[in-house]
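Two forms, one chain: they're shown below as structure tokens, one block per form, named structure 1 and structure 2.
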Structure 1
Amino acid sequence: MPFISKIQRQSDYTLFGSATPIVIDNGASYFRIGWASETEPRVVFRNIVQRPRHKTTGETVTIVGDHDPALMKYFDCTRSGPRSAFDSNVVYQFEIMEYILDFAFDRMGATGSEIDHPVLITECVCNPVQSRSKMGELLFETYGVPSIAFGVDAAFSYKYNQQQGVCDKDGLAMCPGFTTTHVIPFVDGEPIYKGCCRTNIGGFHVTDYLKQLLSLKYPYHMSRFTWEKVEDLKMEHCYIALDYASEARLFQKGAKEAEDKTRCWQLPWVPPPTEEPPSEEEIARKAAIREKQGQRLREMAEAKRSSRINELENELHGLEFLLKQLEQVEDSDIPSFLAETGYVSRQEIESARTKVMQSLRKAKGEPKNDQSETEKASPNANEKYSLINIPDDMLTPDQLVEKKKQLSLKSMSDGRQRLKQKRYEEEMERERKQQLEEERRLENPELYLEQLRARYKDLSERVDQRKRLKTNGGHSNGNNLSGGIGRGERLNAAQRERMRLLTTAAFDRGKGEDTFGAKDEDWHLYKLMSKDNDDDDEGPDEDDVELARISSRLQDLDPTFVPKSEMGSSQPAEAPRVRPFTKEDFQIVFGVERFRCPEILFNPNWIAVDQVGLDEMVGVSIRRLSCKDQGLEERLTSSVLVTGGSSLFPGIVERLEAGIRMIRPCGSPIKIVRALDPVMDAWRGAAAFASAPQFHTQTFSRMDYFEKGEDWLRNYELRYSL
């Protein structure tokens, strides 16, 4: 049930005589203004001012109160938020206050050259005289008000309820307001400020707490939690638990009762359009296009190849023809004949011919005949290495050289042979293993798959772990990738080692003088460093290979298997983003928040306000009163009135009763009542007060103010019982 503003301009201002006082309840959240003789204020609006820029004219304008948000689209509010004239509950920015009063009197329909009505305006308990006198000055000087009276809103509310028979002449007024909470004792119908106490907590803090908690809980929907919306949510859903701890335990256990108490706000959500799988035709069409393109590419490559073969063949023919001609030419004419062709000798032509032949063979895709050459070589190996087995002393120097050559050739080919053999054996081993696995799989496919999966998980974790260690030296908080920068962040192992080496190098020899590099071994340092780095990237090791193998095997066998990608395995935070949003993602759930937020009225230290909460304030207030009168104390606690906007929370009366019972002597009478209308009663009380015939005895004029001075204003106090 959000508060509703009334900002229609009134048309009957002139019907009220100049003796009719104007009554203003100047609350930190709402401003209410009306006529003393009435029971409802005429104009009510949020006590805020905005000074945005009009988008089309560029003019800075003043907008007071809350308006239809749809109209605010014409204004650029980015540079000025809503501003309040209040700090805590004291008016301190009188420029803003003036805008508010302008708007209020304007909407009251004020005409003429000044406001010719006495004004009763509310203020906080023990308002600093500076604020009070500034307010007086503003009303006297700018608006020409004939006389003013200041009163306390909570006191007016108490008096109004006393008149209605809700509470007695002795009692306590408890007023949890917007920014502050007061407890004011009343004795004989008059407030005793000596016994009053104030805790700087109120509805503002509750809303702010709820807003913060919700935006922390649902960071994705942060922009939804505007002040106005959260305020509405607070008024709709928040309640005060009789016993916070047991209520929270209910929710912790997930009891049925807690489920019933959980509220849910469904944000507008449109299911994303389901993507239709492409039709058969579409698939066929795409395949055809792909096929066509592939065909064209193949044709192009073929054409290119054939043209190259053609070219090479032509060249070969030319060279062969040249060689044939050369045979017919006489030896003496060779140089002159060759000069024309551009070649120097017969050998050159021949080598060019072999080259062209080789390229031709390559272009035609025939295998190189190296293989056949080696094959050819193997049978006559003995012949090839003929000199090896002959002792050195039986050989000529030429043969010795030849023998050395043969030896090295033989060792090389042997090595090649061995490598081949080894590769072949490995291949065999792998095949054998695969066969074994295949057998196991066939034996029990389920179990096999299960084992494979387990092994995959195990291995991938191990690989991940090592990767983390490498990049983040032993840091295992687990949130290193999701923004843990700055908390426990370390250099990787190599970087740390480099750091260590450099610092030791710097400190070892540091006797006031840098001698690094004077000795040759100083430079070994850098070798050490680069060695560290090499260690890090020595290529994929066994685990990686095994992981790849299992992964491919699983992909073959398990249709549901999705290998963890390089990024996926190290960034689990990425996962939820891939998931499409569901209706549940757009639900704001209020569970514990419903009673956690208003609970700060009873435990202000939860938001770092180190003062007593609502229930203890009663004890403080009675102690401060120090009346030493058992009867009076009992009368006070048997007429406790809760008023003010924050007393609307359901359950506050029961909770207060339980809380006060704890701090009062056993058996004391305790009666707590909520004001008839906790929000409006202060204004109504003030209006009733201002319409009393003796009201004029409580006001002061501009003349009084200037004659009596600030010290008198400091001690100015209204008498509430007329």
Structure 2
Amino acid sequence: MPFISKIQRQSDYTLFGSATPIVIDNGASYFRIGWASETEPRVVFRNIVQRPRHKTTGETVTIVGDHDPALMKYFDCTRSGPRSAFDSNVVYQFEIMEYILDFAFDRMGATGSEIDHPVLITECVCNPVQSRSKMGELLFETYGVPSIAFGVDAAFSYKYNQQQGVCDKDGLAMCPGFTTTHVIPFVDGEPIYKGCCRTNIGGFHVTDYLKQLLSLKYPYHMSRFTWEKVEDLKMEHCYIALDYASEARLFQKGAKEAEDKTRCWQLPWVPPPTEEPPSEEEIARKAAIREKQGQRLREMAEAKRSSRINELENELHGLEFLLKQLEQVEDSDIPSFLAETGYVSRQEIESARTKVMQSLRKAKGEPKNDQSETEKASPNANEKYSLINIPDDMLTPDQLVEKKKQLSLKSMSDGRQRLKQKRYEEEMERERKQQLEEERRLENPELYLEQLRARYKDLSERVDQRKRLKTNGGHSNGNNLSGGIGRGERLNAAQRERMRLLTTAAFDRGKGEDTFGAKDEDWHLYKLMSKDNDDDDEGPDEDDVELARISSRLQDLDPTFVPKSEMGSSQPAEAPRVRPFTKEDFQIVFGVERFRCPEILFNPNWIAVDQVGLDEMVGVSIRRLSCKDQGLEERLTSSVLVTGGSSLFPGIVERLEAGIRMIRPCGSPIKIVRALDPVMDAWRGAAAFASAPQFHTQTFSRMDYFEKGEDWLRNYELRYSL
């Protein structure tokens, strides 16, 4: 089975005799394995398994414990996440447990399929017999282990610290672990399991709580908060407050002590490149380049314009020469002459000459002379529309058709001339009004500016009122603002009329057989619905045009003038400006999170775990002993050992002492000590126990397992005092 791991394989497995036990600390967080004759475990890794597929070969590999993130890019991990063999602190997934044991024995240097060494493995307090029997079956039948012994990790840690003089024979072992917390009373050096107490809270819940708080506080950096990183942050920055309420008030007030306790984690951040302003030489060089490019473009445009003028002049000379030749041709030869030139009539040649002259004047930049064109075109109008004034009874059918065409063309031509004349008059009137306004401004500038502002205010209010009526249908919310109304009130008059027609038609035709369309007047409904009576949608209103003109005029005359569209009405519609990221945006600040997350060890109800905290567990355990000896209770509370990974939080000893003192009688002796090494003392205690000469008396062999069966394990109990 291929394994991927950073842990090196041991090479001295054969140097240890078959009588040397192998010690395994099978914790829910970390797996530790080593030899009983040593003080440190040989192999330590996280107790998880992941089995992804290789992206190229498709081979399934087994990743046990920590892995190299650089190698994970070659594997597809979407369908295989990290899995643990534990449910809370009980082993129940023995398929995963087999992968872990395979990897552990392989890294220890085992070469064969059988392990010919006795095994001491730890388990939780009051481990279910089903889990213990499955573990024995796995070790005996899969690995051929000669004998096995089961022990509690917290008991081994207490016995090891007792041997080192840290705690007494009578005392309490408190073990806040990865997923659970246990309190085990010891009397004469032996654990009393009937007085044990358990709470389903541990370091896993603290890490998960911290991960949730950081993800809510910094949602844009959620990808940074991996489980491993949050675990490191928890162990580095978190602490337990002696009084949570006073500590929280300290941070709420923002005192100097709170600032000193605040920690900051700086995420990787690269400052954006700063562009230095260009030098004067660079500005001059770029200006010279732009000027050179502009000169080149102007020359190209001038050359193109000259070429175009030459082409148009040559074409105009050709058309004029053609007209002169046409005057010298006899009437009978005109059709044949025109057939050679490609034109149908003299009028077509003159029309082409007029278009060429207009294009030539446009190319030369000369102003249009509409009046002269009109005068020139009027003499030819009679020739162009020669059939208009002739009575119909004097015309043939073909000439009648041609007369209709001439009438249509003449009416369109007259309409264009009237439109041009109207535009010319409007332009002259506009110039006259501007001239009068300029004279008024020069006569009294202050009065003119004041009148202009008053006119602007009046127009803007009128435009706003019309917009509100169009939006709200004549309703407002009392503040001259739109809002809080339904769709029916937002429709204008024309839209409401169309809705009324539809509703009426549906009501009238909704009963009986649908006969809509049988009558001609039914189709008149579509004409009424398609009629657009909303004048506001046809184009810009006169008030809007005048308001824009006055606004532009005020901006020219008054530098302090700000249009309403820039003051407030357009601000909500503007897109938010994106602020460039700074170094502070990539800083993760730890304030109240430092002591808020570990506080769930003492208040599990914060995360919906309705159980007692660490300090109350001591009282529960003492009450379960049901001992009437007051001296025993005092001896138990005077030797409380705190072990396990979650006991590394600073302040846990002082907080436990304060909490236990509140539930014990006044004057009771209370002494709480932390283990020498809360993480490794369980394995060291188990290794010291397994290296004792009487260790073999506490094991049961494979022969006993096959003879007595799994039920014999139900009454198995290890004695820790040898």
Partner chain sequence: MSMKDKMEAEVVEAELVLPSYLSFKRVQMYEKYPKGQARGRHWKHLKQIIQAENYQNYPPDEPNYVNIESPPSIHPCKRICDITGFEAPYYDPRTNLRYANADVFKVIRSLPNEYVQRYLALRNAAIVLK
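Start at 1 and count along the sequence of structure 1; that gives the residue numbers used here. Heads up, when I say rigid core I mean the largest set of C-alphas that superpose within 1.5 Å between the two forms. Bear in mind that the values here come from a model prediction, so they are computed numbers and not experimental data.
- Taken from the form predicted on its own is structure 2; the remaining one is not.
- Relative to the superposed rigid core, D615 undergoes a CA displacement smaller than 2 Å between structures 1 and 2.
- Annotation: Cα of Q630 displaced by less than 2 Å between structures 1 and 2, core superposition.
- K194 shows a C-alpha shift below 2 Å between structures 1 and 2 [criterion: core-superposed Cα displacement of 2 Å].
- Taking the core as the fixed frame between structures 1 and 2, we note the C-alpha of P277 moving 7.7 angstrom.
- Core superposition places the C-alpha of V329 21.4 Å apart between structures 1 and 2.
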